[in-house]
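Next up is one chain by itself, shown in structure tokens, the form predicted on its own.
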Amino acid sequence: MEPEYVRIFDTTLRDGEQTPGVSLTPEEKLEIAFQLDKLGVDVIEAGFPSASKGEERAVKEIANAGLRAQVCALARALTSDIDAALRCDVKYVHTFISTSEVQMKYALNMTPEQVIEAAVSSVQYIKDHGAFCEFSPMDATRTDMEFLKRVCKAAEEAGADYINIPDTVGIMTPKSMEKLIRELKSFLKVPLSVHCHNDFGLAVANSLAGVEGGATQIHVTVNGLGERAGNAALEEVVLALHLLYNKKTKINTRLIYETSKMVSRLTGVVVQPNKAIVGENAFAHESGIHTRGVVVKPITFEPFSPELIGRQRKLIAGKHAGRHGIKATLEEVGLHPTEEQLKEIVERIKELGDKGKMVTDADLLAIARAIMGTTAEEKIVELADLAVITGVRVIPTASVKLIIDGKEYVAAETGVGPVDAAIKAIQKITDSLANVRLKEYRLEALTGGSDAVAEVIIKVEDKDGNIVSARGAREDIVMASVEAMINGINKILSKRFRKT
């Protein structure tokens, strides 16, 4: 094995499935195994066969699926467990036994000598059956150093092919992990692996420190799944190895994101938005300074291209958004606002953001379409104020104030609902000017949530038979309807003036 090469031992199907609330069917485990093999992991720890008949069946199916990756089964240092693993046709068995004083006493009720004997016996039994053997002294990082060396040396002499050092309760720091692995490496000839838990959020850092200390294999799970706070996340470990440590793996990084999405879907464990590499916000930019930078030169605010892991950059509309980001997002879908329109779109987005509203892409497009449906010279009629009253025993009433040619006009009307009342009030004011009637009204898009942006599309017709379409987009349906109606009237008036 090349000195710069690090093996990726994936335990998503074993330790990852031990995530509270996660239980995969054999069919789901096989689906994930195929994806992991396509991704390029070196080893797939397919499960713990002695746990159940379904688990044994799943491991056997994966072992016989013709995968390029080595398929491994977990077994305690018990002959019965190892036999269950071997019945699954695996050629790789990972066996373990507790070595820390607290676990030997309270979990195993065994003496140190009994633990060494069980470790040696299990390694020899696996090797006698012609299988590749990885041995783990569980809770190694809380084990007395001299005893840890004795156990590991005994396993090595019994024929272990790999010795894995588990930080079972995640108590190591990178500095202490590197020192531990370096010391064991100087004492042992067998290659070393690390298996780190994330109880203090240091699983990835400790895994990388293990490599710095001389480990040549890292145990990982997709999305950092695992017991309690989880394990070292495959995606974070691999990208750090490739880009920060200049190490090699067989991982096809362009498949990382799709693998993450599949595992999230099948396990039901949602990936937190701000998670490194695969979180939804990992390549999302809202700040005006950031969006301007990534539009011009992505490396200004991104450590690597999102395409490297099969993703795309997202420019988010929000109160921190800038013109460059919003303009770039709109241009991606073929919308090219004028500078004046862009200014109004940005202002509207910031207004929503100030109200605590998360602005979605659908919100942005609805607002942009509404604003781009009018031009500056078409704003003959403008809304100055609107008030509506509605209720169970109250007749819906709307009061509207419009500005037409610099003069204010006010009218109030009742209707079957607040939208109807508001539109009637607008028609009352503009009757002598435009005399339009509503031909069609529809609510085109609600972008989700009680504070959703509503997009209203209307068709209006004047007494001369001129028909125009217009739209409005607001988080308030009444306001969206009023905006659409005023835009329609302005279009009718603009059309009429152009003819004269």
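Start at 1 and count along the sequence shown; that's the residue number. Note that this is a predicted model, so its numbers are computed, not measured.
A second form of this protein, the form predicted together with a small molecule, is not displayed here; the remarks below concern that form.
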Open item on the list: Within 4.5 angstroms, counting heavy atoms, which one of the listed stretches 200 to 208, 158 to 166, 109 to 117, 237 to 245 is next to the small molecule in the predicted complex?
Closed with: 158 to 166
TODO: Just give me the single entry in 172, 326, 74, 152 that has a non-hydrogen atom within 4.5 angstroms of the small molecule in the predicted complex.
DONE: 74
Open item on the list: Within 4.5 Å, heavy atoms only: does residue 14 come near the small molecule in the predicted complex?
Closed with: yes
Open item on the list: How about residue 192 - does it come within 4.5 Å of the small molecule in the predicted complex, if we only consider non-hydrogen atoms?
Closed with: no
Open item on the list: in the predicted complex, does residue 138 come within 4.5 Å of the small molecule, counting heavy atoms only?
Closed with: yes
Open item on the list: With a cut-off of 4.5 Å between heavy atoms, is residue 96 one of the residues that contacts the small molecule in the predicted complex?
Closed with: yes
